[in-house]
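Next up is one chain by itself, shown in structure tokens, the form predicted on its own.
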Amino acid sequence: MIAIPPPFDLLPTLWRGVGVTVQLTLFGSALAFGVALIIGFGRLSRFRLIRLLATVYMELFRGTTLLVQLFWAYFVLPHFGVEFTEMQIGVLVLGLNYGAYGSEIVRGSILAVPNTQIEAGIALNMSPWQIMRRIILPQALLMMLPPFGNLLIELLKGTALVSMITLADLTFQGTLMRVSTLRSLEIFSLVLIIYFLLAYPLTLALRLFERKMAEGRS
């Protein structure tokens, strides 16, 4: 049997945490994107009540910390008879939190589309839905990509906080191993490198997608 040299003997345990981190990132980002669209459009609604509700939601989640939101969902919700698994809580809170930030990206990108183009759509007798689908959204989506890419990387890094609710992600596995082995330098150096190896390909992929979208619009 071949002996695995240090620090690579730590990788199998850390790898189990990587799987949890990737799941949190994928499902959390999908939820965050959906929430961002709903709240972003809600803040642009012509109905005052919808605008008010969307604004309250955004300010609530942006004005409180992600860690406290995780604790509230994990420790307080069961008192109301609402119970989720640790993974469900992680995905839910990450999605709702980063979705609140993403809603401002959606709103700002839509408002950044020049009014002259909207007026041109009206002059061509387009319906409001056609103007949104054919004129506003294609341009707004292109403007959303860079900030949404940054938000995705932040969400990936934010998954480290789920270790505080005992979800065995990469950070949780690293912390457990540090307690049992006291090899802090090796463990957290590897954790640092793994987070970078997860984030950097995402950055490259988003840049490539952004270029492809820009070429398609040109």
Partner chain sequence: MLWNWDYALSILPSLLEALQVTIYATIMGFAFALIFGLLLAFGRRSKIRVLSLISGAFVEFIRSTPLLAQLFFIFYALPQLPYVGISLSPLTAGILGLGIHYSTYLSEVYRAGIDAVPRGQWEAAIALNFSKGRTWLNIILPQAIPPIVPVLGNYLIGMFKDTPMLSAVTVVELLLTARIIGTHSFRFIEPFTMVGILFLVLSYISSLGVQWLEYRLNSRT
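Numbering follows the first chain given and starts at 1. By rigid core we mean the largest C-alpha set that fits within 1.5 Å across both forms. This structure is a prediction, so every number in the text was calculated from the model and none was measured.
From this point on, the text means the form predicted together with the partner chain, which you will not see here.
Q: With the partner chain left out of view, which of 50, 38, 30, 164 would have a heavy atom within 4.5 Å of it in the predicted bound form?
A: Filtering the options by heavy-atom distance leaves 164.
Q: Residue 199: heavy atom within 4.5 Å of the partner chain in the predicted bound form?
A: So residue 199 counts as contacting the partner chain.
Q: Would residue 45 count as touching the partner chain in the predicted bound form under a 4.5 Å heavy atom rule?
A: Heavy-atom contact with the partner chain at 4.5 Å: absent for residue 45.
Q: Quick check on residue 75: any heavy atom within 4.5 Å of the partner chain in the predicted bound form?
A: Taking the distances in the predicted bound form, the answer for residue 75 is yes, it comes within 4.5 Å of the partner chain.
Q: Closest heavy atom of residue 160 to the partner chain in the predicted bound form, within 4.5 Å or not?
A: Yes, residue 160 lies within 4.5 Å of the partner chain in the predicted bound form.
Q: Determine the residues of 34-68 with a heavy atom within 4.5 Å of the partner chain in the predicted bound form and present them in sequence order; the list may be empty.
A: Result: 59, 60, 62, 63, 64, 65, 67, 68.
Q: Quick one: core overlaid, is residue 16 moving 2 Å or more at the Cα between the shown form and the other one?
A: No, because once the rigid core is superposed, the C-alpha of residue 16 moves less than 2 Å between the shown form and the other one.
Q: For residue 194, is the CA shift between the shown form and the other one at least 2 Å following rigid-core superposition?
A: No, shifts by less than 2 Å.
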